[in-house]
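As a starting point, one isolated chain is supplied in structure tokens, in the form predicted alone.
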């Protein structure tokens, strides 16, 4: 996944080849304390193999453990520390299990995206050719606008855009603004230029003529700056059918927040499993690696979790950093992360969701071994 990350600053800003990066480690809940350390191990192996400087890892509290110790799922000290780092890995959270009032507040992932304006959620879906995949030849990327749209918890400066004027009436605001749509569309088009030069706009402008209509309109306006990219568009309901029937025909998809969230879960499953679905959440100068799946509390602590999504997400973070700082060693390390994962799976090593029998640690050992041997 190291070649799909389009969000980054001017690569000429920092060309120090031996720069030591400082990355945060937020374990999260459920299987997070298993899959995040797995990603750290793989990143360290890939950096060593590429000759890059080792990462200075900083573990920070988040989630249920942070509530117990600090009285907050996302302590102010964690936010302050993250602001001084180059990026971070975020494990999944189980906010539905938090005690009140924490359960009703914006979850750690949403709070981080909002606090740091991580406006682009980039979610690749690429199959491994395994028999468990519904569409093993899937190779696409969803670019999701990450700060507004139909998710009301990201649409206001304070509080949320969801409220009840009476006990029997619930109101939810969906916000669409030209600047937010335009910056996300540019990320999607830049990505399409580096892939197969095809982009699909997903919307519901036939019914939501003003809100979703603005999303479609702005994306088409941005398209004029990318004449080499072939552009089409589909309504969200039709898009689900097209993905089920012909996922391999699509390259880059761009959608508003909720549509992109739903479709990227679907494309991850089409490619094989949500356990292999990575993502980054990024602005122009910050990046958070986060697997697209949840915390899976039912298998937590049993060594059954698939770490692929978290590992590939960490590789995307390396590529984002390498692009931003002009660091080819870091980009090489990112490529090694993905090649190590793919080599392990193609050699028959996988966790049970992909039809294998490897444990979380066993699969991680296999990836680290293949990176070291490459």
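Residue numbers count along the first chain shown, from 1. Every value quoted in this text rests on a predicted model; they were computed, and no experiment measured them.
Although not depicted, the form predicted in complex with a small molecule is the subject of the following passage.
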Taking the small molecule in the model of the complex as the reference, which of 181, 296, 236, 229 has a non-hydrogen atom within 4.5 Å?
296
Quick check on this chain: which one of 62, 305, 333, 341 has a heavy atom within 4.5 Å of the small molecule in the model of the complex?
305
Contact between residue 153 and the small molecule in the model of the complex at 4.5 Å, heavy atoms?
no
So, in the model of the complex, is residue 267 in contact with the small molecule at a 4.5 angstroms heavy atom limit?
no
If we define contact as a non-hydrogen atom of the residue within 4.5 angstroms of the partner, is residue 260 a contact of the small molecule in the model of the complex?
no
4.5 angstroms heavy atom contact with the small molecule in the model of the complex for residue 274
yes
Only one of 217-225, 236-244, 72-80, 297-305 has residues with a heavy atom within 4.5 Å of the small molecule in the model of the complex, and that stretch is 297-305
